[in-house]
Each structure stands twice: as C-alpha cells, then as structure tokens.
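Take a look at this single chain, the form predicted alone, given in structure tokens.
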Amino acid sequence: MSAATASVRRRRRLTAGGVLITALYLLPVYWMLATSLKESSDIFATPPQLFPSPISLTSYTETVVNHAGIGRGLLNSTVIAAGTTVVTLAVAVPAAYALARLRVRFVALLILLFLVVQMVPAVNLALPMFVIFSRADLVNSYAGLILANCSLAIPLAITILRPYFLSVPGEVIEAAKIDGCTTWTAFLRVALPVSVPGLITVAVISFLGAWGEFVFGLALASDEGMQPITVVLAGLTNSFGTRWNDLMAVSVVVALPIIVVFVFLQRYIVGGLTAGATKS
C-alpha cells in the first residue's frame, strides 16, 4: 500500500470520526426542534417518533407568539445583552490598550486577577450584588442587570484584547505620534483598526454570555416584567407538569440568535481567540 493511499484512508477515517462527533453534538438540538413540532400526545409515544408526524406549529403560535411573557422576556434579554456588549467594549477596549501600551505597574498581577474572576461562579456574586444594588435602587432595572453581566464580561474582554494591542509594533505608534497624533488619536487610527477581529470576538462573547445568563436574572429581577428570557423559560416548568413541546418551542427561539451568530461570525470568533492567544 502506497503512502498516498494510506494518507487518503487516514483522512477518510478522520472525516468519518468528525461527522460522527458532530452528529452526536447536534442530536440534542435536533431532538429539541423535533419535540417542538409534535403534539403533546406524540411526545411520549413508544417507540419514540424520530420525525414529527404530523408536524404541529401549535406550540409556536400559542406559546411563543401569543404568550405575553415570552415576548417581554425576549425584549428584556435583547436590551440586556446589547447593553452589556456596548458597556463592555466601551470599558475594555481603552483599558486593554492602556495595559498593553502604557507603563502600568503590576500588569501581570492585574491580568492574573482578571483570570481569577472568570473562575468565580455567578451564584457567588449574585447575593452581594443584590444587597448592593438594593441600596442603589438598581434591582429590577436594566442598568443593574447590565452592570452585573459586565462584571464578568469586562475582565474576559480585557484579557482577550490586550494581546492584540501588544501585537501593534511600538514603532508604528511612535511614528503616528511624530506625525502629530496624540496617544488617543494613535489608538483610534492605528491600534484600533488592527484589532477589529478581537473586537468582534469580544462583542460576540459578551452578547451571548449576557443572552444566556440565568443567575443574575433570577436574583436581580424579581419583577416578571424585567426578567430575561432564560428566567421566563425556567418558569415554564412547574410541579404540576411540563408541556415539553411548548418548552422546546421557546428553547428553539432562544437558541436561534446563538446559532445565527456562530454561523455568520464563526470565522471571526475562532480567528480572534486563536490570534489573541498566540500574540505576546
């Protein structure tokens, strides 16, 4: 057997393995979609129906469209996720540039603290935040939920963006200053355009992290009108039973933004994370 034939067979085995692993990962997603299109009587059929027949859109029309709480939850999650993304970028971008380019003492210690923050579970932060936000009248408000999400998003964003700004040659920054740029304009005209992949990565991670956040929404939004969709989704399960087709229909709608973002921006996300990780 020639080396070329062995290489082809090896590639085929790797491809088959990749397809199998992908199928295993996508099986829960397919089952969620299939369940959302079934009638209640077909969900627990024996043997299980692999394909919904007949296809029913009742769960989408009655629960997703006509349920006022679902629409409000989606709106709340959109506002919170968008606000978290904007605030995170506004704070993390100049902070990361300062840690990369300015002579700041204890930079390594600060980066270590940012990494440690990522290991703190959100549930450990929820109670102290509730006490502080109650005194500041930020409970049951968009501002409070956005600030809570930013407490985890900003350290991660700084950690990702700093290597991008370090990759910009110092000679280029100095040349821009010689041409009349201040530190701020050199940052805007030179360093920022080079770091666009990192900015997209941070924006996506911040948005999706806030979109899927549950603990802060549960602890800081007792008012049903302010609860994000993740908390509303959990409310569809109760001690009197769960309508699984309705629950899966809402889950499909909640997962759609995540799927769309990854389909269209996966090249920037993967490239942004790997590039930022290899620059020093």
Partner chain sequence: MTTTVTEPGTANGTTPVRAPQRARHWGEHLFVVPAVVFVLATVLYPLVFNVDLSFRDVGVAQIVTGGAEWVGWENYADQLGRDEFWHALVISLLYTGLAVVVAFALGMALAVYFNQRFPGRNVMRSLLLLAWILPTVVSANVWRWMLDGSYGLVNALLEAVGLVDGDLFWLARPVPALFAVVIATAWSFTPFIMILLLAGLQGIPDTLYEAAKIDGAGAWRRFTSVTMPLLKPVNLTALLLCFISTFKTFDTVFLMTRGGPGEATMILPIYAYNEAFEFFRFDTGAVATTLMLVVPLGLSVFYFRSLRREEAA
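Positions refer to the first chain, counted from 1. In this text, all values refer to a predicted model and were calculated from it rather than measured experimentally. In this text, rigid core is short for the largest set of C-alphas that superpose within 1.5 Å between two forms.
Below, we refer to the form predicted together with the partner chain, which is not included among the displayed structures.
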query	finding
The partner chain contact at Phe264 in the model of the complex, heavy atom, 4.5 Å	no
Residue contact check: Leu50 to the partner chain in the model of the complex, 4.5 Å heavy atom	yes
Gly180: touches the partner chain in the model of the complex, heavy atom cutoff 4.5 angstroms	no
The partner chain contact at Ser141 in the model of the complex, heavy atom, 4.5 Å	no
The partner chain in the model of the complex: contacted by all of Leu74, Val86 and Ile200, heavy atom 4.5 Å	no
Heavy atom within 4.5 Å of the partner chain in the model of the complex - the one residue of Val196, Ala175, Ala82, Ile132 that qualifies	Ile132
In the model of the complex, residues of 80-104 near the partner chain [heavy atom within 4.5 Å]	Val87, Val91, Pro94, Ala95, Tyr97, Ala98, Leu99, Leu102, Arg103, Val104
Residue shift check between the shown form and the other one, rigid core fit, Leu14 Cα at least 2 Å	yes
